[in-house]
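Below sits a lone chain in structure tokens, taken as the form predicted on its own.
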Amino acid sequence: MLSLTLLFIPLAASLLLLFTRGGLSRNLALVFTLVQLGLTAYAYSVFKTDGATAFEFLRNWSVKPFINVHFSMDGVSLLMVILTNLLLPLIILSGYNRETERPHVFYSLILFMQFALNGVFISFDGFIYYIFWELALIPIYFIAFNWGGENRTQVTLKFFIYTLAGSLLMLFGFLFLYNGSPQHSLDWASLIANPSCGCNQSWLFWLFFIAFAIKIPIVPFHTWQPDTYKTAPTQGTMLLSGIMLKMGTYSLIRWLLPVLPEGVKEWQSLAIALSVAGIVYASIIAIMQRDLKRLLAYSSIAHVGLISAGIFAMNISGLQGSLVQMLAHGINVVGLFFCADIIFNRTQNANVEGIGGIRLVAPKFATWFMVVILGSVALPLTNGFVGEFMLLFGVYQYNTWLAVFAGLTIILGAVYMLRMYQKVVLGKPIMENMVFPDLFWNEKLVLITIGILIFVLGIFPKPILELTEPVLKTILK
């Protein structure tokens, strides 16, 4: 019943918040996400890292077509649930010193998105998983549409069309899998036990790959992302970059690799090439950016390109590195967009070239901003280093030259991140009479928590590796 409880709490909270007003909405949202985090910590404490699934809930929903409501957690899905429920309190807390129009609706949508994200990560039936995949699109669409910035109508529509098109491709893929399955079932265990399903996996691979590649996003399916990240309100951007894109990388591991092994084997080299090309392309574009949020958006594309390359390397180092980096990237990118939001709200300027000298007036902010950047550029003893080292080693085991180009994510990442920090935080102030208060209490709490996680996961990643290794070995078989 623990799986159902993880779904029921945010759903019930989302409905309850619609009947509240003002600051009460925000306070209740924080309380419910902290309760959810506590429940997740309990799930981790009793979880056995032996490769088996836990917290099973299985009920038949429909006989024709045969659909089971099947919720469960193994090490991989539990890690994604931890990521989701760890970041949600930080995302809500980040907005405590800002006024939001219709806060009861805003925070209700955030809690509903938490419900849908948890559903994606614990669903073990293809149809149920697809339902939650679609449900996760609804709240972020309305968050970006109603609370976004300039051109939000066009940008949000583009985002919606891209993701909906990918979702429809995935739905067709599941229908073909269902018809080809000997049991006429989309239960995960049934599909991996009969991976061929009588289907042509060569083209079926592309139905799923494109759907996941749009969500991640992998070049050339990325064009919706920079504009959406820039236009969405910061808390919406945090949800998109910190958690929602992990739906795509998680799905590569959960559904694509074990269910379509022959298709993956046939197109593995092209998938890795696209991922590595995206690393180089996005890193170069990030260097050229002057808008802070767009720079971070392209940086995110480069980092998730390395994650997807490690997944398609199809070895234990690449897969474990991808999961470690999913967790690390989620933490780091939320910190980066939060710092960008602080800068913009203090200066009303998002131009990297137009600020400067923040350290002179806000030394605490400058310190914690630097900590987040060090994690992002994979400094040893930070969370980014562990994942990127394992990913590069996994890609190296597959192909040496691809690993060389994939390694550019670290080199070029250091170039654009440190140069951005130097221009924005160091040097002489460019803006006249700049008023930049140092960190408020909620901002300190968010950034200190993120900073602690950056170093703890960088120094002691063993619990993550032990949690995921048995499942990954099963998938690789």
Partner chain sequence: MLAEIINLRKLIVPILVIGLAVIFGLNLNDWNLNLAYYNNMLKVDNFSVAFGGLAIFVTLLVFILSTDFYAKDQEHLSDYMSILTFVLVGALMMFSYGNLTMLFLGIETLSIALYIMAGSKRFDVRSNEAGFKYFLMGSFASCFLLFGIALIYGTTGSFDLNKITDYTIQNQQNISPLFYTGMVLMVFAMLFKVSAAPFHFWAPDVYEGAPALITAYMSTLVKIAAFGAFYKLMSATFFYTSWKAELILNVAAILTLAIGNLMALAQTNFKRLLAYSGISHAGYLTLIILSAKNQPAGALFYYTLGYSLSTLAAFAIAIPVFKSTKSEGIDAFNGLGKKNPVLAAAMSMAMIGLAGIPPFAGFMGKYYIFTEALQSGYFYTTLIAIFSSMIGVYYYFKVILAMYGKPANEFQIENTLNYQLVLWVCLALSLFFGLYPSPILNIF
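All values reported here derive from a predicted model rather than from experimental measurement. Residue numbers count along the first chain shown, from 1.
Missing here is the form predicted in complex with the partner chain; even so, the following discussion is about that form.
Trainee: Judged by heavy atoms and a 4.5 Å cut-off, are Phe127, Phe172 and Leu175 together in contact with the partner chain in the predicted bound form?
Mentor: Judged in the predicted bound form, Phe127, Phe172 and Leu175 all sit within 4.5 Å of the partner chain.
Trainee: Consider Arg346 of the chain shown here, and say whether it contacts the partner chain in the predicted bound form, taking contact as heavy atoms within 4.5 Å.
Mentor: Close contact is absent here: in the predicted bound form, Arg346 is far from the partner chain, nothing within 4.5 Å, heavy atoms only.
Trainee: Answer with yes or no whether Phe160 is in contact with the partner chain in the predicted bound form, where contact means some heavy atom within 4.5 Å.
Mentor: Yes, Phe160 sits close enough to the partner chain in the predicted bound form that at least one of its heavy atoms falls within 4.5 Å.
Trainee: Any of the heavy atoms of Leu135 lying within 4.5 Å of the partner chain in the predicted bound form?
Mentor: Flag for Leu135 set to yes.
Trainee: Would Phe365 count as touching the partner chain in the predicted bound form under a 4.5 Å heavy atom rule?
Mentor: Flag for Phe365 set to no.
Trainee: Out of the stretches listed (147-155, 371-379, 294-302, 319-327), which one is close to the partner chain in the predicted bound form, meaning heavy atoms within 4.5 Å?
Mentor: Contact-bearing stretch, as computed: 147-155.
Trainee: Scan Val81, Met238, Leu90, Leu186 and let me know which has any heavy atom within 4.5 Å of the partner chain in the predicted bound form.
Mentor: Contact residue from the list: Leu186.
Trainee: Scan Tyr96, Phe393, Phe142, Tyr281 and let me know which has any heavy atom within 4.5 Å of the partner chain in the predicted bound form.
Mentor: It is Phe142 that has a heavy atom within 4.5 Å of the partner.
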